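In the block that follows, a single chain appears as structure tokens, in the form predicted on its own.
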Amino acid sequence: MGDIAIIDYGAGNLRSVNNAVVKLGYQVGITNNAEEILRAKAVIFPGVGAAGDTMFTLDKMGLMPVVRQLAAENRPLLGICIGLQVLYTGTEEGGWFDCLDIIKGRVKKLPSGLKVPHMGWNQVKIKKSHPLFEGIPDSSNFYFVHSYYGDPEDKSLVIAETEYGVKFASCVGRGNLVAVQFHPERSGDLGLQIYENFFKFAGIK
């Protein structure tokens, strides 16, 4: 296994994330082994589907404390889509599910009257400078598939926003933790640049 670990809890976008990283020339391991995840220099936490199901699976596989430890130790961690949403305190999806509580805030349903899921390309507007968006023009388009969005209590954690009926945080970060609502692995060259920037940010070259 290389310096990069993708957390394997059966998420639907595991292979496409892996393929994107391999395309960039990096060695990567898909693993649910706690020791391997904690040994990695950079960790990707992917996800699609429902946050409640994700929390159930993470709990069943004993991976919740691993993700919490990565965050507590300020290790380079990139959350993607559901991998972003479950970092929050909880989600309103399915009523209410407690999540990892790494980022204080709630995951809320997109406003009624919109076509959901929000699926396709949309602009990501950079709110503050961050290494993840190095060399990426403001208001670039990335690919989204989601019906819920994260709303952090601490707005200073918002790195980028996107508008779909409501302005929502499409990228949040604190220290070496960063997470995006969009799918870099489905966002062409700019998506690959997101991964490249994350690995550079993590000290992998």
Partner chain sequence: MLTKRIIPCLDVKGGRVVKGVKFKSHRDAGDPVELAAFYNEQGADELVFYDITASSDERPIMLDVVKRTANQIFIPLTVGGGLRTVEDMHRMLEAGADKVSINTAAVLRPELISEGAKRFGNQCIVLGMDAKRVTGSDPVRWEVYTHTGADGGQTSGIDAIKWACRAVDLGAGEIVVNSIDADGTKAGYDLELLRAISECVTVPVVASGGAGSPEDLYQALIVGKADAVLAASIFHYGTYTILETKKYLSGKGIPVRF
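What you see is a predicted model; the values in this text were computed from it and never measured. Numbering follows the first chain given and starts at 1.
Same protein, other form: the form predicted in complex with the partner chain, not shown, and the subject of what follows.
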{"query": "Residue among Met64, Val145, Ile136, Leu38 with a heavy atom within 4.5 Å of the partner chain in the predicted bound form", "finding": "Val145"}
{"query": "Candidate from Asn33, Thr57, Asn141, Gln69 lying within 4.5 Å of the partner chain in the predicted bound form - any heavy atom", "finding": "Asn141"}
{"query": "One stretch from 84 to 92, 99 to 107, 69 to 77, 118 to 126 that, in the predicted bound form, holds residues within 4.5 Å of the partner chain by heavy atom", "finding": "118 to 126"}
{"query": "Proximity of Val48 to the partner chain in the predicted bound form, heavy atoms at 4.5 Å", "finding": "yes"}
{"query": "Heavy atom of Asp53 within 4.5 Å of the partner chain in the predicted bound form", "finding": "yes"}
{"query": "Asn197, heavy atom within 4.5 angstroms of the partner chain in the predicted bound form", "finding": "no"}
{"query": "The partner chain contact in the predicted bound form: Gln193, any heavy atom under 4.5 Å", "finding": "no"}
{"query": "Members of 14 to 45 lying within 4.5 angstroms of the partner chain, judged by heavy atom, in the predicted bound form", "finding": "Arg15, Ser16, Asn19, Ala20, Lys23"}
